Ligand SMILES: C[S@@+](CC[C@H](N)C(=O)[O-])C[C@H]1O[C@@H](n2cnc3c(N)ncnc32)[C@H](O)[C@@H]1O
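First, one chain by itself in structure tokens, the form predicted on its own.
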Amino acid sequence: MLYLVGLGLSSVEDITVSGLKAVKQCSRVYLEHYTSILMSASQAELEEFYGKSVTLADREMVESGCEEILRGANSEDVAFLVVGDPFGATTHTDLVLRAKQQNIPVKVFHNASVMNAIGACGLQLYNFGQTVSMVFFHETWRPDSWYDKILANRKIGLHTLVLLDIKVKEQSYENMARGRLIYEPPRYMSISQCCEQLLEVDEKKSIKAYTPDTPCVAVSRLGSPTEAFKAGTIQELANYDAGEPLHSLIILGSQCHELELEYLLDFCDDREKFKKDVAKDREYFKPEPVMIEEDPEEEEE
């Protein structure tokens, strides 16, 4: 059996009881180690808590060499641990499909992830549109495919969750080109860098998805003891020091409900200014008035 076990967001104790029982009976345990990190637990702490050795599974192992993970899983129990929920990344869907192709039974243990825990900021989950990912820009690579998704969300008044890039066990372009297995130190995108990249791309677009004054919510270390939220405009948050990772950003939609706004005011430096920013933003994609043409035949009558 292959077990996909969600670990939750922060502590070794965030795993579910049923998930923990499954891990303890496995002969091999892998920890997915590139889409996210467990903020308040090290590999050694996980091993002590489970009473099992834990193998870190990097991107290369999961996406290219997953046969190592699936090896023998049709005759023994193997656990694949995922920070958050197992289906928070499409990579893990691919792993399940590969297991099924080999007739390996699969059981999933779900857990909290950023996709549902983000409601802790006070915004209602059903008011969110498409989620986007913001990657680190490079000198020669500054992707903006996410912009159209934000634009689509904003046009219908929905919030956008922006997931910020992390780099764990990544190679530089030079080392990759030269075939040198030298890895860069881990990097985690900050709120300020994300907002700077948002502003940079917006300057180049003719159709605007947002402005520097668009209200946002910075979310830091969600689900951990040091969880923090900060509400402000994109321009304001571009100068915000959010502290230690992990971070996410929410771009507000114009359908922001009054109860949502009331909740967010606790995270503002200037409550009245934020109210005005939200009111101004509601006008940004305000639908044009519908013009009903009169029927000429009715006029004649």
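The numbering used is simple: start at 1 and walk along the sequence shown. This structure is a prediction, so every number in the text was calculated from the model and none was measured.
What follows is about the form predicted together with the ligand, which we do not show.
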Would you check whether the ligand, in the predicted bound form, lies within 4.5 angstroms of a non-hydrogen atom from each of Met1, Lys24 and Ala79? no
Where, among 268-276, 234-242, 35-43, 255-263, do residues come within 4.5 Å of the ligand in the predicted bound form by heavy atom distance? 35-43
Contact flag, Thr160 vs the ligand in the predicted bound form, heavy atom cut 4.5 Å: no
With the partner left out of view, is Leu123 within 4.5 angstroms of the ligand in the predicted bound form by any non-hydrogen atom? no
Is Gly84 close to the ligand in the predicted bound form, meaning a heavy atom pair under 4.5 Å apart or at it? yes
So in the predicted bound form, is the ligand close enough to Ile150 to count as touching (4.5 Å, heavy atoms)? no
Checked Ala57, Leu246, Val54, Ile251 for heavy atoms within 4.5 Å of the ligand in the predicted bound form; positive is Leu246
With the partner omitted here, the residue among Leu164, Ala209, Ala73, Leu95 that in the predicted bound form has a heavy atom within 4.5 Å of the ligand is Leu164
Partner contacts for 1-18, taking the ligand in the predicted bound form and a 4.5 Å heavy atom cut-off: Leu9
